[in-house]
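Consider the single chain below, provided in structure tokens and representing the form predicted on its own.
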């Protein structure tokens, strides 16, 4: 298999960081998690990330939730941004903003199965888009306000529906931890080419002085890493499609652990707010060099699976 090598300052050029994800060659296994990479830093990502993944886009513009939106907690953060974004039309108008020499993955979310399908139809003919990631953790009004990730039936429904217009592009399904194994199996059966595990964990912040709820949102950061690792490990045992790991990555060792657990690639989310992804990649390269491994071989290097 032909691979690429990352050209990151401080990284040994002889360390093979290349991986293949659904037929797409990535120079490194790192991918920014949707919503965590600012446009101002796009020029710095080549050589660090293997693919580009912008903020989740929805059919229409969303203003997001009112403040407060973010709270720092022990070993992580809770956010309730509300998928703020300019909407699909504006996103497509500005698609060239993400032309940084990397494969472009797009994350989409919607309120109904039909809206998911309509968005996938728009991306199906867009040559600059290499793959589509379905954010299956938003309310589904067709199913009583439940989340798409609430059960295998709804996961299977939306993935199967989106598979039709996207027959020529890889389709990823991003799932939350609840019911992750059964939902991952359902996604694969419905035609997903990969599953992304996991999304944030539902969490709450209370103000004891005011005796009221301060923030209800999703927990990310190091606190959820062991949960995400277990999800990746267990799902990789039962599906035949690649698993993309995400949750609590803040170091090169974290990247290695996710890939040892079975991940073909690793998304970096809120960890990029506290550490430079380049540093994580250099640490990961050092781990590979010390152990005489290639990035794509890690999933086969775990002694107990």
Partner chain sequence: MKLHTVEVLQRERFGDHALLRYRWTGSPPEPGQFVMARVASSTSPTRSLDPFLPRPLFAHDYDGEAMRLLFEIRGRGTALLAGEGTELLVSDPLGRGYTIDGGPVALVGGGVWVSPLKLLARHLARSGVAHDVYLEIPAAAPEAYAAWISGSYPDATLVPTGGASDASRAVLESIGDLSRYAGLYASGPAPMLDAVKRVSRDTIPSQLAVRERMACANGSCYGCAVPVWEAGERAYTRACVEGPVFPGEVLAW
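From a predicted model like this one, the values you see are computed outputs, not experimental measurements. Numbering follows the first chain given and starts at 1.
Separately, the form predicted together with its partner chain exists; it is not shown, and the next lines address it.
Of the heavy atoms in residue 77, some are within 4.5 Å of its partner chain in the model of the complex. Proximity of residue 27 to its partner chain in the model of the complex: non-hydrogen atoms within 4.5 Å are absent; the residue sits far from the partner. Contact check for residue 71: a non-hydrogen atom falls within 4.5 Å of its partner chain in the model of the complex.
Although the partner is absent here, residue 61 lies well away from its partner chain in the model of the complex, with no heavy atom inside 4.5 Å. This chain is displayed alone, yet in the model of the complex one of 84, 182, 112, 94 has a heavy atom within 4.5 Å of its partner chain; that residue is 84. Judged against its partner chain in the model of the complex with a 4.5 angstroms heavy atom cut-off, the residues 38, 250 and 270 are in contact without exception. Of the residues in 211 to 239, those that come within 4.5 Å of its partner chain in the model of the complex through at least one heavy atom are, in sequence order, 221, 222.
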